[in-house]
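Read on for two forms of one protein chain; each stands alone as structure tokens, with the labels structure 1 and structure 2.
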Structure 1
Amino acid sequence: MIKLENLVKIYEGNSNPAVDNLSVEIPNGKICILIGPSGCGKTTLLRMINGLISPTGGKIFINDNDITEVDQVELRRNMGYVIQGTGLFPHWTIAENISVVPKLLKWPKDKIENVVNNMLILIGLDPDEYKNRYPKALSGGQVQRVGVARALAADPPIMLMDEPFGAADPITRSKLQNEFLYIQEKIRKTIVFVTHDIDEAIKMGDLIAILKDGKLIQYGTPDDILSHPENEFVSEFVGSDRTLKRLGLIKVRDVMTRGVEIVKSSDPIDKVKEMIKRVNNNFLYVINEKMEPRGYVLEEDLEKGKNLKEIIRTMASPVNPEDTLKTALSNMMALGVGTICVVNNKNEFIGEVTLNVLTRLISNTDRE
């Protein structure tokens, strides 16, 4: 656990504290997001946790140990640090960059080589193809991933991340976020993550600390902050669309309807007509022999063709149970439909989510 107790930082020549009597506890294995306007103390906090700057007052504890009473070099070696742009050494190979801390720790050569290979596999890069390359030969997203691998190489219990994906374009950034959350599911590090992007904070954080003028304004889960903002500042900071943002916290699996009636593309029209009357619905999903969704058919179209393949309509891109309702809504809106099908990892149809369900959830949030 990381515990910040009545922490204060006043820089010389400045009467206003950069960090003002801040206390917070970050449980082991959780991602804590630090967010707030420029100059609110986010990066200062990160640098104090890392021992790069000393607090003016208060204490920092890591697993009940006051960090001022431990060797500062040893402290930093037990923390991975990832910054915007990664800070890779351009004249070193990817393997050399990843192995910086293990070499400082004087690990055996074969252990270091094994770690480099494992780290590259973890971030989705083939060791044989990438370890002898130089950073300039990689894409921006790959460089960012190598920065994460370098921070993880010595298996530190804590990671500090200062806007690590800030320089990436939106598409790459989203992929990096997803990849990192996937890695975190495996490694369960304690992470302090600085960002200025509230959407990134909501997506990445188990806990969010909102700061202003060095003070902690609100600390809680993303859902706590979205559903119960502490004051007007927090409400404005998270945005007027906070009810929609909450959809990014709810998984499809939590609200999907299973046991939905479906037809196969090879079924005769008469069978489909009977089924539509029986289920009292004006449309049915259509699947193929492998249970993969192929579209949907409307009751009004059943007289327009001799078989289903001639009248199947295009549907919204399917979602899987682990996607968020925000993704489901986005896919629905892209095609202007009110329902979306859910598939498993084999792309087999397993259920649906409807716009009516999402509307009820948004209405309930508004009432809260």
Structure 2
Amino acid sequence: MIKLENLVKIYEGNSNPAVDNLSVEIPNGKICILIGPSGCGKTTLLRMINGLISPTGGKIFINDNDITEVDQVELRRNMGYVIQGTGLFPHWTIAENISVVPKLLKWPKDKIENVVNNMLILIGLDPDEYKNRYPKALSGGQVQRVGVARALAADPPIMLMDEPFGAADPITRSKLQNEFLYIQEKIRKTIVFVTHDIDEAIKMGDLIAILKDGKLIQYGTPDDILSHPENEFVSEFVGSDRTLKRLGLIKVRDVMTRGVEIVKSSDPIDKVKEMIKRVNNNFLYVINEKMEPRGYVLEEDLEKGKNLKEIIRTMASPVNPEDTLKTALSNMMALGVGTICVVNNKNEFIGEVTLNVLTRLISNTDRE
């Protein structure tokens, strides 16, 4: 656990504090995002946690130990720090860069070599090809990935990451984020992650701390922040589309309707007509023998054909319960329909999500 208590930092010669009476608690194994406009003190905060600069006031505890009371070098070796702008050593190869901390910790040679290979694979660079290259021979995005690998190499329990994916293009960036979340799922490190990008924050963060002029404006889960912005600044910061963003946080499973009436594609038309009247709806989903959804039928089409196969319509591509409402909405939009069916991983029909539900959710957020 990282605990910051009334932390203050005033740089010599500056009148305004870079960090102003800030208290935050970051539980173990969670990703805490620091976000805010440029110059709000994010880097300063990380540097204080790393012990690179000392606070003007307040205290920093790591697992209940005051960091001023532990050995600085020891402290830093237990902390991976991905610096803003990466700061790879230009005179060392990628392998040498990644193995800096293991070497400082005097690990045996074969273990170090192993770690280097594993790290390179982890960040998606072929070890044989990249190991002996120098940083100048890498692209900006690759350099940042090596920066992350270098910080991870000695397997520190804590990671401080200052805009680690800042130089990547949106597609690579989203790939890196996914990979990183996947890794984090396994390694469960305590991570302080700085970003400028609210979408990245919402996607990556277990907790988000919004800073402004060195002050903590709001601290909470992404859903908290999207649904209950503390003030004007936060709601402006998260953007006018925060309701849509929130859809990206809610899982289909939380809002889907189960036990929806359905018909089989082999059912006779008369049975379908009867059913539509009974459920008081103007359409029904159609499934095949294996319970897989095939499409839907409209009430008005029922007179036009002799069996279901002739009048069945294409539906929006189904979603899984683990997908977000954002996916559901965009699938619906793609076909211009107001409903989408939910399937399990055997592709069997298990329920539906309707536009009505989504609209209700959205209007709820807006009213709050």
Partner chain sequence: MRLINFMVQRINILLQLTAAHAYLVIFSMIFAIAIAVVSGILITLPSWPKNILLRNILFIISLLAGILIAFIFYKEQPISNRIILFMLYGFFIGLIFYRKVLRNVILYIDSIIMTIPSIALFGLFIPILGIGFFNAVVALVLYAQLPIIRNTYAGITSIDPAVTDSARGMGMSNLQIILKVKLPIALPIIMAGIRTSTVMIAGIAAIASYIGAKSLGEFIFRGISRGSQNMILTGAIWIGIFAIITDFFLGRVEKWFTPKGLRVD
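Being a predicted model, the structure only gives us computed values, none of them experimental. Only the largest set of C-alpha atoms that superpose within 1.5 Å between the two forms is called the rigid core. Every residue number counts along structure 1's sequence, beginning with 1.
Colleague: The form predicted on its own: 1 or 2?
Modeller: The chain shown first - structure 1 - is the form that fits the description.
Colleague: After superposition on the rigid core, does the Cα atom of D267 shift by at least 2 Å between the two structures?
Modeller: Yes, the C-alpha moves 2 Å or more.
Colleague: Would you say F180 moves its Cα by 2 Å or more between the two structures, aligning on the core?
Modeller: Moves: no, less than 2 Å.
Colleague: Rigid core fitted, then: does P17 show a CA shift of 2 angstroms or greater between the two structures?
Modeller: Shift of 2 Å or more: no.
Colleague: After superposition on the rigid core, what is the displacement of the C-alpha atom of V357 between the two structures, in Å?
Modeller: For V357, the alpha-carbon shift amounts to 4.7 Å.
Colleague: To one decimal place, what C-alpha displacement in Å is found for T324 between the two structures with the rigid core superposed?
Modeller: Its alpha carbon moves by 2.8 Å.
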